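A single chain comes next, written as structure tokens; it is the form predicted alone.
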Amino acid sequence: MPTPFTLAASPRLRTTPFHDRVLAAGAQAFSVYNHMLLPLVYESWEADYRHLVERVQLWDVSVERQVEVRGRDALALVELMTPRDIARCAIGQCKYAPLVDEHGGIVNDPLILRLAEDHIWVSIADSDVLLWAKGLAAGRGFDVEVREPDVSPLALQGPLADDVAEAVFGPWTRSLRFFRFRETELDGIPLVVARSGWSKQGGFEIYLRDGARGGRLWDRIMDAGAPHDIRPGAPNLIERIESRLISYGTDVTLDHDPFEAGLDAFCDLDKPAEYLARAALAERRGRTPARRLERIVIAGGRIEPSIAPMPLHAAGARAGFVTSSAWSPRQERNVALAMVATRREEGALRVTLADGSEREVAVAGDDWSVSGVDF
């Protein structure tokens, strides 16, 4: 459970269209994300995790704000912001795409939705992309409108998400392909329904296009999900570490490039359109980065998640830092993500925990397997 503290109410801290429902459901902990309240925990990290991987949950992820880019130069602006080839994104399709500045630093790692040839949503993680996009548009003289629309997503996640989606929207949801979406409505509520979400358990993101009707939408989905034991939930620390889902601002920042973050598969470095990072990324192409985001396993008993990076060292020399960690009930050990030096001193890799104690660490494979160390 996160360390308890109080957030002072303020108009600067925006609530969501589902805030009353979230409080009534018993959310115990929140974070601040894109200047809004993000629910994190209802029962506990572990209890919420077990329910997510076994059943189905409804998440208030309105903090995933949309930067709407609309107009004749909409595609040119979005192409400028990312090395991903967005021209190949069809209408009705989503693409995960790192946004990168002129130095190669990651500005954000959003999902990009193409609603029309000249109408794009950039569904952002936690950083002020709206202001950056506005600056680029003005500086380049693009014929485009950049704004934050009245759009607030819910996420329906878990192995039973398809059953609930069919009960709410109809059987067409089962044939909706991954990273595809449909504009639709429910009882007159305008929506976009996408097969996507910040978990590897399967599900949908439901973009509400009228914030005044958030309570009605929440209740409709919860009622339909009752036979499937639906519960309110939130992006889960344990599940997202197990799934190696990056948290921007935690695991990677503007100080990291796509090669270090392991996002080079989402970069089309030779795409025809102009993009800011072309020269910076071309210079680093083919090189082994000095550091790379890795899955790691931390030896010993359960450790509590840290609110600050935990330093790694090998033979007394710095070798990176742990960015996110959690106890995994399925792995029965501490799993973590870490920015690890690719060239480091010989010897065992160790981490210094928040309490000053040390643990041995092993870099893990895609299936969390480790070799040479008994964890």
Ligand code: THG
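Note that residue numbering begins at 1 and tracks the sequence as displayed. Not measured: the values here are computed from a predicted model.
Heads up, the form predicted in complex with ligand THG isn't pictured, but that's what we're talking about next.
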| property | result |
| --- | --- |
| Heavy atom distance at most 4.5 Å to ligand THG in the predicted complex, all of 18, 169 and 213 | no |
| In the predicted complex, residue 114 touching ligand THG (heavy atom, 4.5 Å) | no |
| Residue 110: touches ligand THG in the predicted complex, heavy atom cutoff 4.5 angstroms | yes |
| Contact label in the predicted complex: residue 84 to ligand THG, heavy atom within 4.5 Å | yes |
| Contact flag, residue 42 vs ligand THG in the predicted complex, heavy atom cut 4.5 Å | no |
| Option from 283-291, 182-190, 226-234, 117-125 whose residues, in the predicted complex, bring a heavy atom within 4.5 Å of ligand THG | 117-125 |
| 257, 239, 205, 251 - the one with a heavy atom within 4.5 Å of ligand THG in the predicted complex | 205 |
| 321, 33, 327, 30 - the one with a heavy atom within 4.5 Å of ligand THG in the predicted complex | 33 |
| Heavy atom contacts to ligand THG in the predicted complex at 4.5 Å, residues of 187-208 in sequence order | 197, 198, 200, 205, 207 |
